[in-house]
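Next up: a single chain in C-alpha cells, the form predicted on its own.
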C-alpha cells in the first residue's frame, strides 16, 4: 500500500470528527479535496473505509483497523520530529493550541511576544467555547489548551498562570450601578444576559446560582464575550464577564462593575494537557514562556 502521511491525517480527522465537512474545516481544506484523498486511500485498501448512514459517517471494520494504524503511525512521526528538533535545538515548527474565547483578550499579547523571540514558530489557534476545548483536550488534539475551570480528571496536567477576574457588569445608568452589597437574589429581578451552555463563564455562574438556590432565567444567550459586552452597553441586561475583557469600556465610562456579594471572583487561567503527553520542543518552550513570562500581559487586579 502506497499511503501518504497526508492521506492518513485526513483519514484520522474524518474518523475522529465523524464527517468530511468537519475534517475539511479543521484542516483548512475543501470538502471535495478531503473526499478525493479518502477515495484514493480506499482504492489502496481495496475496500470501503467509511459508510454513510443517513447524514452520519461511520467507519467500516476496515476503517477501524486503518484508524488504529493511522493513530500509531502519526504518533510515531510526531515523536520522530520532536526527537530531531531536540537534537537540533531549534525552536521552529507548528504550535497547535485550543483556547477558550475569553482568553483572546490576553493570549495574543503573550503569543506575539513569544513569536518575536521565536519567529520560526507557526501557531495554529482555535478559539472556541469551553465544551469544545474540553473535547479537543480529551482527544489529545492539541499541544495543550488554555482554559479557566479545569475538568476534574486525574489524567490531566494543569498549570495555573494568570488571574481571571470575573465580575457582574452593567451599563453606567443601571438602577443597581451605585448600590452597595447587592445580593445574588436581587439580580434575579433584573434582565440577565448569559453565554451559551458550554461556556466556562456560564458554567461558573450556574454553579454559584445552584449553591445559593437562586434561579435566573437568561433574557438572552449570546455566543461570545464580545457580543455579551456590546449587549450590556446597549442596555439589554446584566452579565458576568471576565474583567480583562471590559477594561477599555470601564475607562470610557460605558460599563460599570456592580458591587455584588461574593464578587469579583478570582479564578486562574490554566494551560492543560493530558498526562504523559510528550510535548514538542516548540510546545514545551511556549508553555515555559506562558508560565514564566506572562508579566508581558499586565496582571489585572480589580479596583
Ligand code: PGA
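Positions refer to the first chain, counted from 1. Worth saying up front: this structure is predicted, and the values here are computed from it rather than measured.
Another form, the form predicted in complex with this ligand, is not on view; read the next lines as being about it.
This ligand is not shown here, but in the predicted complex it comes within 4.5 Å of a heavy atom of residue 147. Taking non-hydrogen atoms only, residue 82 never approaches this ligand to within 4.5 angstroms in the predicted complex. Of the heavy atoms in residue 198, some are within 4.5 Å of this ligand in the predicted complex. Interface residue remark: residue 100 is counted as part of the site for this ligand in the predicted complex, having a heavy atom within 4.5 Å.
In summary, the region of this chain contacting this ligand in the predicted complex, judged by heavy atoms within 4.5 Å and restricted to 90-98, 151-159, 174-182, 198-206, corresponds to 198-206. Checking 263, 67, 269, 50 against this ligand in the predicted complex, a heavy atom within 4.5 Å turns up for just one residue: 269.
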